[in-house]
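Here's a solo chain for you in structure tokens, the form predicted alone.
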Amino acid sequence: MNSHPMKEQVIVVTGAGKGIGRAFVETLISHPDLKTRNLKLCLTSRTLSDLTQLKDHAERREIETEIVDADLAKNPTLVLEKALSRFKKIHALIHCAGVGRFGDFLSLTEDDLRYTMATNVEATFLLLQKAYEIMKSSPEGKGLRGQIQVVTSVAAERPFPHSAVYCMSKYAQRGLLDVMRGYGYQDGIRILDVRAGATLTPMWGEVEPAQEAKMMKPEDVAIPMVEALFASERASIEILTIRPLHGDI
């Protein structure tokens, strides 16, 4: 393992209750290279019971953990405010929260559009803008000041049927991250776009066994994300595309 900047890190994770976000937290707190006394977590999702389970798991590993049950679309920066209030700093944001509504292009409604864009675009912009501002104020100088990882989707790089609104929101996230990366080069902030293919998360609803067999599990995406977090401070992993072995579904 390369020398990495995981020293006294405060890490914020959105969408931590389920899916890739939960798998990320579970992978992180079980990582063999982790000095648990130096890690502090602030976790958010909409379901308190999910967060409480994770908090108990983390604190058994002697990891200080703050939990925030909130709807990101209604208060996108609340989790950052809570993290700063308790820990005074934020070193990494892992943004896994996202929503999707799917259907034929002509059947998608104005409500589908607003619901999806509120979380995937508007809340994402405000959350990342605030996190970047906080990280830029870090006194590390020319070194690594912070890390932002966003789970977008392979839908940020190719269209899928019945996904007009979802694809639009993910292309928007991709554009935002591309712009932020230019700033990050100057400010020592790593920006990682995690383009995940078909992953078995609650967003999919009921899945037929034959289709489930072709899909990735959340930990298949989370493990490379954690490794990217631990990467040498001399390097920046910028795009991480992870697809099922046999391609997109």
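Because the structure is a prediction, the values reported are computed rather than measured. Numbering starts at 1 and follows the sequence shown.
If you look for the form predicted together with a small molecule, you will not find it shown, but the lines that follow are about it.
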For this session: Considering only heavy atoms, tell me if residue 157 and the small molecule come within 4.5 Å of each other in the model of the complex.
Result: no
For this session: Give a yes/no on whether residue 209 approaches the small molecule to within 4.5 Å in the model of the complex, heavy atoms considered.
Result: no
Problem set entry | Contact of residue 80 with the small molecule in the model of the complex (heavy atom, 4.5 Å) | no
For this session: Mark residue 202 yes when one of its heavy atoms lies within 4.5 Å of a heavy atom of the small molecule in the model of the complex, and no otherwise.
Result: yes
Problem set entry | Listed residue (134, 99, 121, 108) with a non-hydrogen atom within 4.5 angstroms of the small molecule in the model of the complex | 99
For this session: Name the stretch, out of 42-50, 179-187, 25-33, 57-65, where some heavy atom lies within 4.5 Å of the small molecule in the model of the complex.
Result: 42-50
Problem set entry | Three-residue site 15, 20 and 196 fully in contact with the small molecule in the model of the complex at 4.5 Å by heavy atom | yes
